[in-house]
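Here we start with a single chain on its own, the form predicted alone, put down as structure tokens.
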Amino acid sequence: MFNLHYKLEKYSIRFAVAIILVAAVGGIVEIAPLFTIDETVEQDPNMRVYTPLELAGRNIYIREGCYACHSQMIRTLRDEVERYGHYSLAVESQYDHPMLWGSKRTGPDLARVGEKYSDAWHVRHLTNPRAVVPESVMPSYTWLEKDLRTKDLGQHLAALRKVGVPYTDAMIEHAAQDAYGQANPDSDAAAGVEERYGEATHIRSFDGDSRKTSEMDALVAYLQILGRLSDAATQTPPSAAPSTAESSVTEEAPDGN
């Protein structure tokens, strides 16, 4: 074994060329599929974008490290499809910057948690997880009741437009107003949210307190839209999943954690 290694080092130029060739093979295997990406990634012309409130909630989700315990990527294993729903599609993450797929599951996958539970359930779960899931190891997030910062949401939307998210000038201009209007359905600003983001947009007081727009409003709004930005998954039967493994080796807590 060592003699072979010494012989390879003796002819350093040949050795370097061999390394380059081997590395090139690995690079080709990774790069070649990108040339056919337009044929393999699903298309959904009706996919909607995150509202400013939902986007703010996504930022809070990242800030609080929720992605460290919850993945957002349902794999094609039969047990995952039966538990969480249709396996995740690439098109569903096209407006996610950064993507939050993940592989660690201390708690359940959240890719399709939208509307699975009520707003009140989410608020209680975030405030006191063990009140709804006794075995939960999730910390409480009582500080999310504080006021949501909205003044820089327009700048965030503008930055996302530069990387391909189709936010309009009106969406960017009214970002702070729309964040307030989505969480306050009785306000004059609510009508503008529906006009810019569509009738399917959830417009309600997510934390149950219409006197203010809180970080809790934003995070619950984000959780309630997960898996509902696109209907591409409903057009591909879950039975089409290529893998039919009976179980996954990933350890995770019960639903609701």
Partner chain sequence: MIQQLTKFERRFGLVISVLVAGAGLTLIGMSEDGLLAIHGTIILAAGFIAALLTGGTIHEPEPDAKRLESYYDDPIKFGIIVSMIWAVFGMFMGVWVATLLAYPEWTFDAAWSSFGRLRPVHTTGVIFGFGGNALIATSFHVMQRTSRARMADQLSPWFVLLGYNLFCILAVSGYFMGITQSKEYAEPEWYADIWLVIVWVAYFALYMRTLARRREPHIYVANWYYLAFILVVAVLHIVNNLAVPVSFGHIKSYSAFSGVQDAMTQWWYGHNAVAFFLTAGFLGMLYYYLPKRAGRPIYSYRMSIIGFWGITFFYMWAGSHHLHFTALPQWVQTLGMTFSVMLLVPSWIAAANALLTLNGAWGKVRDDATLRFMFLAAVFYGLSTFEGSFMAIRSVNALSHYTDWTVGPVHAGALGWVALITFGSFYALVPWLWKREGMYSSKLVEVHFWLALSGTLVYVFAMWNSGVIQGLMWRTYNESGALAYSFNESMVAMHPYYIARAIGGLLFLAGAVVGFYNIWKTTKMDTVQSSVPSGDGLIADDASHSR
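Numbering follows the first chain given and starts at 1. Fair warning: this is a prediction, and the values are worked out from it, not measured in the lab. For the two forms, the rigid core is made up of the largest set of C-alpha atoms that agree within 1.5 Å on superposition.
The next section is about a form of this same protein that is not shown, the form predicted together with the partner chain.
Trainee: Could you confirm whether Pro45 comes within 4.5 Å of the partner chain in the model of the complex, counting heavy atoms only?
Mentor: No, no contact at 4.5 Å.
Trainee: Is there a heavy atom of Leu89 no more than 4.5 Å from a heavy atom of the partner chain in the model of the complex?
Mentor: Yes, Leu89 sits close enough to the partner chain in the model of the complex that at least one of its heavy atoms falls within 4.5 Å.
Trainee: Please tell me whether any heavy atom belonging to Leu77 falls inside 4.5 Å of a heavy atom of the partner chain, as the geometry stands in the model of the complex.
Mentor: Heavy-atom contact with the partner chain at 4.5 Å: present for Leu77.
Trainee: Indicate whether the partner chain has at least one heavy atom within 4.5 Å of a heavy atom of Ile62 in the model of the complex.
Mentor: The answer is yes: Ile62 has a heavy atom within 4.5 Å of the partner chain.
Trainee: Sort through Glu173, Asp96, Asp147, Glu115 and report the residue having a heavy atom within 4.5 Å of the partner chain in the model of the complex.
Mentor: Exactly one listed residue reaches within 4.5 Å, namely Asp96.
Trainee: With both forms fit on the core, is the shift of the CA atom of Gly27 between this form and the one not shown 2 Å or larger?
Mentor: Yes, because once the rigid core is superposed, the C-alpha of Gly27 moves 2 Å or more between this form and the one not shown.
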